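A lone chain, given as structure tokens: the form predicted alone.
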């Protein structure tokens, strides 16, 4: 494919939590656009190996790195490997996240802290570690938030709060790290990957677009921020078919 058909050719991207589901779709979309892609995974080694193979089939450089985004040491090791192999980084996508359903009155301190460790501290640690590389490249960060960070879900209090914090962190990063780095956030709504569940159909009927979202919808939004004018920063884009209206 031509450079025009693959507009991100030569760009180096790290996507956390990208062995499967939305993260995998993000990784493949970046590769289809010509970017070299490093994915991180924690427990999904088999899925990571398959995604790595699929990335290589698209003719780009690719890495699959075991990384626990909750651990500064683990994050530093992963970013060091990217530096060693690629000598830089252009785009970071903080996708790794945790999700859990629990009545607010039943959420334990351990559950609360675990949610924030992954959903808020993780993106902070990865971005902080990658900051010198992204600054040098005049790079970009795209954080994956959630519609739950914009609207309170009664049975997901710790999740919603952690994502709301990530939304604010995204804006803070955008202000603190300008003008070298642009930082934006994508907030998916109800996203399905072919699953059939009556509850999912309920959400589809509530959505103005009359369907649930798909991973490729999220990927298109992330790719937009990866290619948009660098002047666009500090923005939060809901990908929810209007569900949050």
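Positions refer to the first chain, counted from 1. What you are looking at is a predicted structure, and each value in this text was computed from that prediction instead of being measured.
Note that the form predicted in complex with a small molecule isn't included here; everything after this is about it.
At a distance threshold of 4.5 angstroms between non-hydrogen atoms, residue 170 is out of contact with the small molecule in the predicted bound form.
Although the partner is absent from this view, residue 144 contacts the small molecule in the predicted bound form, with a non-hydrogen atom inside 4.5 angstroms. With a 4.5 Å cutoff on heavy atoms, residue 139 does not count as touching the small molecule in the predicted bound form; it lies far away. At a distance threshold of 4.5 angstroms between non-hydrogen atoms, residue 156 is out of contact with the small molecule in the predicted bound form.
The contact residue chosen from 161, 129, 118, 111 relative to the small molecule in the predicted bound form is 118, the criterion being a non-hydrogen atom within 4.5 angstroms. In terms of contact with the small molecule in the predicted bound form, the residue from 134, 82, 96, 125 that brings a heavy atom within 4.5 Å is 96. Of the candidate stretches 53-61, 39-47, 173-181, 202-210, only 39-47 has residues with heavy atoms within 4.5 Å of the small molecule in the predicted bound form.
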